[in-house]
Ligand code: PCA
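Heads up, the chain below is alone and in the form predicted alone; it's given as C-alpha cells.
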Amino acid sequence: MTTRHPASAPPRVLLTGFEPFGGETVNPSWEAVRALRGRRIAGHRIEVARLPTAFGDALTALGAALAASRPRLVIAVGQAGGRDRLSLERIAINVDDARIADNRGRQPIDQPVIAGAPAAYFSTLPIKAALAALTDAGIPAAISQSAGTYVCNHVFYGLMHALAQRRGARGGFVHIPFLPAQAVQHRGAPSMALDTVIAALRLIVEVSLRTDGDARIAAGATH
C-alpha cells in the first residue's frame, strides 16, 4: 500500500542501510543513516530504511520503502570493509556473482539482477560535485568505478532500474569503510569514525539537492 502524505508535507529523501553480514555484529551503513532519520536538509525530510543483506529480499524491502516515502532523492549506503575512504559509486551492473553467501544462505553466480534489463546504469547523483565538497571538508573520498557484485551492487542496480521508471527522482550508492570498533578485529583494516560518515552523508544529500548538473573534474582510474 502506498502511504499518502499531506499536501503540506515536506519533500523526502530516502537513505538506506544494511543489516550486518559476513560475521560482523554491526553495519556502519545502518548506524549512519538511522542517525539522520527525521532530519531536515535543504527543506527535505530524511526517511530511512534498513535492508536485509539478501539477494531479492533487499529489493523487495527497497521497493516498499520507495512506495512509502515517494522520495525525490535516494542514496543507498553500504559497508566496504578494506576501503580507506568513502566511495561514491559511478555505475551499477546487471550481475549477481556472490563470493560469499548472503544472510539467507543464497549465493548466486553469474545471474542477472533483473533479467532482460539494461547491462548497467550510471548513478544520477552529482558524484564529482559531492567529491569536491567532501574533499573541501577534509573527508577522505573518491569516485569508485565498481560497487562489486554482491548485495550492494544488487541494490544499487535495482534502485537505478526503479528510478528509471520514475520522473524527477535521482539516486545512487555510497560505500563506507569499517567503523573503528570493527577495524580492530581486522588487522591492518582502515576505518572511518561514525560522526565523520554522518557528516559526509549530510553533505552528499545537500550537494545532491542543490546541484542540477555535476562538476567537471578528473576523478577516473587507470586500472
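As the structure is a prediction and not an experimental result, all values here were calculated from the model. Note that residue numbering begins at 1 and tracks the sequence as displayed.
The form predicted in complex with ligand PCA exists for this protein as well; it is not shown, and the discussion that follows is about that form.
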item: Full three-residue contact with ligand PCA in the predicted bound form, heavy atom 4.5 Å, for F18, C152 and H175; value: yes
item: Candidate stretches 143-151, 128-136, 90-98, 106-114, one within 4.5 Å of ligand PCA in the predicted bound form by heavy atom; value: 143-151
item: Heavy atom of N27 within 4.5 Å of ligand PCA in the predicted bound form; value: yes
item: 4.5 Å heavy atom contact, S69 to ligand PCA in the predicted bound form; value: no
item: Members of 59-81 lying within 4.5 angstroms of ligand PCA, judged by heavy atom, in the predicted bound form; value: G78, Q79
